[in-house]
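Have a look below at one chain only, the form predicted on its own, in structure tokens format.
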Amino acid sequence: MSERSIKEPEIFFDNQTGQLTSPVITVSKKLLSGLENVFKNEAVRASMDQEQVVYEVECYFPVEEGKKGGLFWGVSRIYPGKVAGEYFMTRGHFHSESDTAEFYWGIAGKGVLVCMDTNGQSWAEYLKPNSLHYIAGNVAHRVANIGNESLIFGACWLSDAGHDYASIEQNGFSVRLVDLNGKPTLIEAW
């Protein structure tokens, strides 16, 4: 009988902090300067510190993008803040392969997952530690931090899903999430 070796894992995930540890992760940061026309009040956004980090994403890509049947893993951190009463949030996207789904789960902090179907119907769910969210295909999604600390959440999606940011940049979401008297409130955007 021949002896076979057991290799060490190349990536570690701390389910308490959301921290990914590995030499093979990709990190991207989204500054306020990169969120032009995401918030309703563009003049206020433009007057704020453009170097402020609104959110960052750490990703593990074990296969090349576009590979059918592969999975990607990511952890996002949205920092607390607002632009004219609108919570700091991700840009939001549909998937390029429109019928592909995704999972999000809460790790730390308080947030709201805002979803919109292709007909402009919108809904939202609180995203908090240990919550699990299935985002069906043909659904745009974005996340906002409604708390005073970093919102940390995980994601798992198909490696061939792709991201369609252009549809949101052109048409936006049908709702906006704002702080109304200290309470997160969805209001009509159109």
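Note that residue numbering begins at 1 and tracks the sequence as displayed. In this text the structure is predicted, and so the values were computed from the model without any measurement.
Missing here is the form predicted together with 5-phosphoarabinonic acid (PA5); even so, the following discussion is about that form.
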Q.
At 4.5 Å between heavy atoms, only one of the stretches 117-125, 41-49, 62-70, 151-159 reaches 5-phosphoarabinonic acid (PA5) in the model of the complex; which one is it?
A. 151-159
Q: Can you work out whether 5-phosphoarabinonic acid (PA5) is within 4.5 angstroms of a heavy atom in all three of Thr90, Glu102 and His141 in the model of the complex?
A: yes
Q | 5-phosphoarabinonic acid (PA5) contact at His163 in the model of the complex, heavy atom, 4.5 Å | A | yes
(Q) If we define contact as a non-hydrogen atom of the residue within 4.5 angstroms of the partner, is Val57 a contact of 5-phosphoarabinonic acid (PA5) in the model of the complex? (A) yes
